[in-house]
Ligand code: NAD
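Shown below, as structure tokens, is a lone chain in the form predicted on its own; questions about how it binds or moves come after it.
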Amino acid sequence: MRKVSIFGATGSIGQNTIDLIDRDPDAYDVVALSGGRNIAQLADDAIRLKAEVAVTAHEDLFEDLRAALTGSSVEAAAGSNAIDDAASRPADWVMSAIVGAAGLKPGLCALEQGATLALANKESLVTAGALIMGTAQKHNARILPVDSEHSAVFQGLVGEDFSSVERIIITASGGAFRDWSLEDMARATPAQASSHPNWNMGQRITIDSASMFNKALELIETKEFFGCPHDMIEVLVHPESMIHALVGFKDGALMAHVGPPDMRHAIGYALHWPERRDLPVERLDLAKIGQMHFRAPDPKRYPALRLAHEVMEADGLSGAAFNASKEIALDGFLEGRIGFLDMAGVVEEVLTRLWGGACHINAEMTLDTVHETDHIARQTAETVIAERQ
């Protein structure tokens, strides 16, 4: 029986992971589940799966969680330190699906135990790629990608020599505004940006998809995970979201991963790796689909992609600054302080100021310097937003 933990259990990735575990519960011994403010869901899943501990990220909800777990054997805990402690409990396989920079420390704790880390928290590699990969190597731990694009690349490389790879193409749906004019995008509301045409995801990642910041993060993630130069990685807009990534080889061949837009495929691949097992996902009828569409991303509509390449070229702690300023810019949009198209401008200005000497962007990468850069970038982003109002 495999010992598993799920961090970010109440989000879409976590719930899809639980769906797969629920289908074969005797195969898994659940160690820890963590969640946010959805205490009812967290407690229900923890009791049903007989988890050792359930943790909410919010300390003010500890009593609510403890009450919801009354009568069960599940331990209740709350706060970021409790999540780190739960991630330090021995497990064979750990899902890292906490949204944002908050997912970095629990992922490191899991790797230090030698666990296989199923990584859905892209911010971990974006903010601290060298630290994450180095920790995995030091503790003989394995990282398996769960983003659909990186899982697709990973699968496309099975049995291949990476030196024969010429290009990596990750696809993007284009999000909610892929066919909107720039004028309409400038007037877009958070509600309009929160509706994805293909995927069922949380609000923040759905808005990131519309701005292409999500894809920008994935570009950086690709560089860090596969160790390739940034100019090898391309983005292709593919509205149907059926081809998740392509690997191009030196002989001109392209290896494409094709599947339905269902995160249970990438999750299931990581859960069962190195085997392939039956998954409850749609089987595509290509004859019925008939055709697929592709187009290059418009740099005027998606400046986040250009910024990602600049961040990859700058390297160091630039990814931490990029992610932090992106999160604050998104907050600004959600709060009505800036417009949809202003988010990229805020991030670019923060990077310009930090690269100009406001932060030791080239300092040695440690957990402390990542956190320091994150803090400074957030403060700088708040200043930039205030100056724009």
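All residue numbers are counted from 1 along the displayed sequence. None of the values given here were measured: they were computed from a predicted structure.
Below, we refer to the form predicted together with the named molecule, which is not included among the displayed structures.
Among 237-245, 96-104, 162-170, 125-133, which stretch has residues with heavy atoms no more than 4.5 Å from the named molecule in the predicted complex?
It is the stretch 96-104.
Whether D147 contacts the named molecule in the predicted complex should be assessed with a 4.5 Å heavy atom distance threshold; does it?
D147: contacts the named molecule in the predicted complex.
Quick one: does A377 come within 4.5 Å of the named molecule in the predicted complex, counting heavy atoms only?
Outside the cut-off, so no.
Can G36 be called a contact residue for the named molecule in the predicted complex at 4.5 Å between heavy atoms?
G36 belongs to the contact set for the named molecule.
Test of understanding: in the predicted complex, would I205 fall inside 4.5 Å of the named molecule by heavy atoms?
Within the cut-off, so yes.
Ok, A57, L334, L341, L49: which has a heavy atom sitting within 4.5 Å of the named molecule in the predicted complex?
Contact with the named molecule in the predicted complex is made by A57 alone.
Which residue among A308, A115, A120, A87 has a heavy atom within 4.5 angstroms of the named molecule in the predicted complex?
Comparing distances to the named molecule in the predicted complex, the residue within 4.5 Å is A120.
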